[in-house]
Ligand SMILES: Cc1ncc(COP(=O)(O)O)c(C=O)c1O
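A single chain, nothing else alongside it, follows as structure tokens in the form predicted on its own.
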């Protein structure tokens, strides 16, 4: 639990900005989604999307909870392996992969979801896989923001469903006899019916493919996209209802297309870690201009989502009281898009006050950078009010040494 006393202690000892994750919340989220889906369909495998938060302590917690891993880069494969995930519990889902990607994927992952027929051709040049799974673009998609929609005619991901049979035929012609199928249409969705609908869509596509080839899939992967509320107006996703609806549609499809009892795979990322984390930052300056601004020591290099998508993270001034006033919260990066919140109501702020941005446990640190020469923030994991992991904030000197540490080569 992240208490006010702990926030003070962390700010004093470890400086700001700082990501803080609640281990208890991560465990709770793992158990909640696992219990819901295995209740309605026991052969469910939950692969945590490592790209959401690859902190070593966070990955270890998730591994200890029995979840599998979904990786999208060689680094994530190595991180999953180092965190204790066995190869049989690691899946690789990339796009526009090169030979290095495939070298790591075949060594560390048990299954690979391929983004295109050309991906399969490149993989065959490297190794003939035991099982082939293609990512299907169903022509539809939805997400909390336009930038996180990963299905539909404008998405760069997956094989158009009209070409899906051709893809699997190419695998069959190459001698493959074990198959899976994958789809991911968007991120941060909160409606249970949406997940039921995409399951229906994928099962229809899978049926039209596998029945013609007279084969059955070993697994059907409906992807992730299970959301969390980022505002007070948004409801929490009813994960129990989601599991019930998805499992019902999935079992109906298995009966309709004679699939037997394949594995149902999910890839939650945000749902597991999103609401477990906060970004602790400090007010560095106040400006009265055409609008009122409070500058903080975090920036779009620390938390990119607001600048990238227009995403909103609720802000709190936990130690301030008094009458609320409208203010804009911004970072120190030399971009006018470096705005966290516009016209947010907060108690009167002063330089040095601590601020908290909520729901930063997913796509926060993993999207951070050194833009403008600013250091990445610290990361801390709290377990029952005790600090169990610390990654210190980078320093300018460390960045400088790394920047100028080059190897002289003769070409």
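Everything numeric in this text was worked out from a predicted model, so none of it was measured. Positions refer to the first chain, counted from 1.
The same protein also has a form predicted together with the ligand, omitted here; what follows describes it.
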If you check in the predicted complex, is residue 226 within 4.5 Å of the ligand, heavy atoms only?
yes
Contact flag, residue 265 vs the ligand in the predicted complex, heavy atom cut 4.5 Å:
no
Could you confirm whether residue 374 comes within 4.5 Å of the ligand in the predicted complex, counting heavy atoms only?
no
Using 4.5 Å between non-hydrogen atoms, is residue 184 touching the ligand in the predicted complex?
yes
Selected contact from 306, 253, 269, 171, since only one has a non-hydrogen atom within 4.5 angstroms of the ligand in the predicted complex:
269
So the ligand isn't shown here. In the predicted complex, which residue out of 355, 61, 360, 49 has a non-hydrogen atom within 4.5 Å of it?
49
Given 327 to 335, 203 to 211, 187 to 195, 289 to 297, the stretch touching the ligand in the predicted complex at heavy atoms within 4.5 Å is 187 to 195
Within 4.5 Å of the ligand in the predicted complex: residues from 92 to 130 (heavy atom criterion):
93
